[in-house]
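Just the one chain here, the form predicted alone, laid out as structure tokens.
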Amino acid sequence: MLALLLFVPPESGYLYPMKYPAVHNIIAGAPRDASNALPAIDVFNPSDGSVLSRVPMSGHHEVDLAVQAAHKAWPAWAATPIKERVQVFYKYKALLEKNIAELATLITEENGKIDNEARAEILKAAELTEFACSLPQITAGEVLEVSRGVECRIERFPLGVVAAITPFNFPVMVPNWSMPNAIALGNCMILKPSEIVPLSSIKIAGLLREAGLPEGVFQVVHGGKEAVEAICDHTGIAAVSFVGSTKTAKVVYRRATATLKRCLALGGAKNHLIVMPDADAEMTSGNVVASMSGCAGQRCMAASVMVAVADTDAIIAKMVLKARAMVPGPDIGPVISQQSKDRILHYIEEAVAHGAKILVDGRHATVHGREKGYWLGPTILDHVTPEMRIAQEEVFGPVLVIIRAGDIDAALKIENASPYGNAASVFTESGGIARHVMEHAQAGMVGVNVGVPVPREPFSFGGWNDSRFGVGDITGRGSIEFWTQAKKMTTKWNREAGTNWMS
């Protein structure tokens, strides 16, 4: 059962209770106990501050062991026909769905999401896996008789050993942005999950093993900065995907490409929702509040800036009522840490000091019996100006700022001024306005009357500007080229085929 309570042996120096055993790396298909050789940090439950487990801070040695094991497994896995490789993922998808309650509990405990958000994350991971199962049909090679008796074809081949570095906010979904496609396409993958949420990745590794994935094809190395640097520097790793803050994404992209490996690094976001006066008040208010507060605002697709065009006070009033009705605990989870909470509070207080008006104040949220958790309720600030830091920087919490604009062009000017380019939406009943925003918003993902414009498979996920470094997208069809390389083959069997300068 998940809820085994154990005590760390006294000789370890830790006398407090932990709900789960210390986390291990998974190398060559087996747990690798590094707890005695490496420093370790606590894993906390953000809802009550209790200690869940401990995670090792791996470094270059552990990454190298994983790379060696992956290189050993890769020739056989790459030689396995893709239709056979994806059979593992048919089984893995079924296991995700079968174990949804257990996985959701882990996500809730280590990340803080409420149960329905955790379950939605797992279902999205299953959808991503379903796309991987379709790869034999999507990646069939191109063949053409280019002249009489001469045939050209293109086939895609795996890169070898690749890696994914993932954040805390989606412990199951984000690893599955990269893992199913990369492995189904014939690569071996090393996952470095966030050290804040390591438990879900161990469960993922167990489900893949149960689904029949050969040992060494998928491995988990825990750690922090040193592990990330080791992945970027290791010449035995051909490609790296990263999801995290823009500041770190830039560092990872530069360091990984310096060793001539492919890198796709997704950074932060500052998503703008443009609300027009003709928008449906009930639908818009519900969608905007859900977007800003879902997953406690800790997602790169969260609404963080609402640009209110002209007279939208009636819509804002409905938003205030809906946000005030949300109850921390049942309706919204905690933020990930006390450090995150303090940072978010500083943004709010600084904005108020510069003239912003609080319409909904979630700063004093508490949950009975879990007073030590990192709770923040939905918070809405009006009359924010574009120059304020809270309007420019990624807050990553359940906070929405409202900036007023006189018309749609003024609203787009505010959106275009952001260095980020992840997502934008417009709420309107006008097809002309909607098209104008879709064409002129500086964002890789744009929605109309949608608070969270995440593309569904097979459409790929990815932003623009300071929200993405590298070429291509991380999911869907856009990921295929990143995880493979094309081989172009030309054959001539007909002796009578014409001869020219290309022969």
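Position 1 is the first residue in the sequence shown; the rest follow in order. Just so you know, these numbers come straight off a predicted model, no measurement behind them.
Absent from the display: the form predicted together with ligand NAD. The rest refers to it.
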*asked:* Is ligand NAD in the predicted complex close enough to 293, 334 and 360 that every residue in that trio has a heavy atom within 4.5 angstroms of it?
replied: no
*Just one of 87-95, 404-412, 220-228, 150-158 has heavy atoms within 4.5 Å of ligand NAD in the predicted complex; which?*
220-228
*Proximity to ligand NAD in the predicted complex, single hit among 167, 216, 328, 186 (heavy atom within 4.5 Å)*: 167
*Position in contact with ligand NAD when the complex is considered in the predicted complex, options 256, 273, 300, 125, heavy atoms within 4.5 Å*: 300
*Flag residue 418 as yes or no: does it have a non-hydrogen atom within 4.5 angstroms of any non-hydrogen atom of ligand NAD in the predicted complex?*
no
*Is residue 139 close to ligand NAD in the predicted complex, meaning a heavy atom pair under 4.5 Å apart or at it?*
no
*Can residue 397 be called a contact residue for ligand NAD in the predicted complex at 4.5 Å between heavy atoms?*
no
*Find out whether any non-hydrogen atom of residue 427 is located within 4.5 angstroms of ligand NAD in the predicted complex, and reply yes or no.*
no
_Heavy atom contacts to ligand NAD in the predicted complex at 4.5 Å, residues of 254-268 in sequence order_ = 266, 267, 268
